[in-house]
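Given as structure tokens, the chain that follows is alone and in the form predicted on its own.
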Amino acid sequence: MLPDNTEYTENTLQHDPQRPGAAADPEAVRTVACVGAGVIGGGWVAHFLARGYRVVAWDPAEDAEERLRGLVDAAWPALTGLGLAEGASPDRLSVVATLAEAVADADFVQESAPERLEVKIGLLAEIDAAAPEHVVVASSTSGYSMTEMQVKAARPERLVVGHPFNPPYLVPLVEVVGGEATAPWAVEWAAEFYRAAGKSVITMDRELPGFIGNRIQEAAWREALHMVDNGEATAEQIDLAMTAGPGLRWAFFGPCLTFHMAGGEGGMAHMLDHFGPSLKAPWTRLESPELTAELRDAMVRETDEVVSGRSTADLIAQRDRRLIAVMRALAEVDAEEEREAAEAGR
């Protein structure tokens, strides 16, 4: 884990005496091993293939290969629309029979096993024993700390968390953090690799339960459950309030910058001074409501009304299409702003 107030540059990474000399440069990775091929693991496979990597995958399920190739085929039109890297092809995927075979020639390993701590601990220890000793191994865990998961690994210093957002083949965020036994070079190596693989990376300074994005997302989800539980709003109203309201702004300005702008010329200072007392108002309830049978059934019923008979495949296709549209629009604006800045600098 990176110590507080420590910045690792590319030069530091290259000359870190603890870094194994055989470790590939992050931009020189050619083969990625994906261990676990469910929704998240399969999403990682699709992303790495679209970025031109050779991917070797393993999953213990009997129908793993069929499901994985189906997921990649379903994601490929969206990835093609977003833009493929040179050499990108589903044909560069190999699904092998054993974990050892999957990681034998890997330059990087992404683990995406089910979210059960005992499974994560055992599997990471197996990967550590089988993978070349210089290879960084990342876990897609959405809640466990690496300190909890690396306890049985012989070389825990090369184990990191690489937490994605679903679907990993489209949403760019990856949160990277090590555990107490993780070497700083491994955290920085993983961050640089993910950037080279087209991801937006947060290198966290310390372990945090649920990481950053999940905690923000969970707060909104808990409030949504409270509103439904108390009959204050329906699932349809809640979703529309987000997609037609703050969700639009949060695609490019997060909550901190949004509230800074709410302060006008006075910025965040004015916003906090003026609206700070409202933080004590009973607008939100961060404690989760009890998930009673009534609340559970209400959420299912109201969500089914919003879904309105659409299949999961239909919803995924719609989600991916709209995500790409937002990402393309933002990319166009970014390019325009870069040109304007360059012209202003002349």
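The structure displayed is predicted, hence computed values, not measured ones. Quick note: we count residues from 1 along the sequence shown, nothing fancier. By rigid core we mean the largest C-alpha set that fits within 1.5 Å across both forms.
One more form of this protein should be noted, the form predicted in complex with another copy of the chain, which is absent from this view; the next part is about it.
Tell me, which of 89, 243, 98, 94 has a heavy atom within 4.5 angstroms of another copy of the chain in the predicted bound form? Answer to the contact question: 243.
- Though another copy of the chain is not shown, can you say which of 266, 132, 122, 210 has a heavy atom within 4.5 Å of it in the predicted bound form? Filtering the options by heavy-atom distance leaves 210.
Check your understanding: For the chain seen here without its partner, which of 44-52, 285-293, 28-36, 58-66 has a heavy atom within 4.5 Å of another copy of the chain in the predicted bound form?
Key -> Every other range fails; the passing one is 285-293.
- Message: Taking another copy of the chain as it sits in the predicted bound form, is residue 157 in contact with it (heavy atom to heavy atom, 4.5 Å or less)?
- Response: No.
- Message: Please determine whether residue 239 contacts another copy of the chain in the predicted bound form, using a 4.5 Å cut-off between heavy atoms.
- Response: Although another copy of the chain is absent here, residue 239 would touch it in the predicted bound form, with heavy atoms inside 4.5 Å.
message: I'd like to check something about residue 232: if you look in the predicted bound form, is any of its heavy atoms closer than or equal to 4.5 Å to a heavy atom of another copy of the chain?
response: Flag for residue 232 set to yes.
**Prompt:** Is residue 169 close enough to touch another copy of the chain in the predicted bound form, meaning at least one heavy atom pair within 4.5 Å?
**Reply:** Flag for residue 169 set to yes.
Sequence order please: the residues of 308-341 with a heavy atom within 4.5 Å of another copy of the chain in the predicted bound form.
Residues within 4.5 Å: 316, 318, 319, 320, 321, 322, 323, 324, 325, 326, 327, 328, 329, 330, 333, 334, 336, 337, 340.
request  = Examine residue 52 after superposing the rigid core and state whether its CA is displaced by 2 Å or more between this form and the one not shown.
outcome  = Not so; residue 52 is displaced by less than 2 Å.
Are residue 200 and residue 324 closer or farther apart at their Cα atoms in the predicted bound form than shown, with the shift being 3 Å or more?
Farther is correct, given that in the predicted bound form the C-alpha spacing of residue 200 to residue 324 is increased by at least 3 Å.
Quick one: in the predicted bound form, is the Cα gap between residue 324 and residue 53 smaller or bigger than here? Answer closer or farther; it shifts by 3 Å or more.
Farther: residue 324 and residue 53 separate by 3 Å or more in the predicted bound form.
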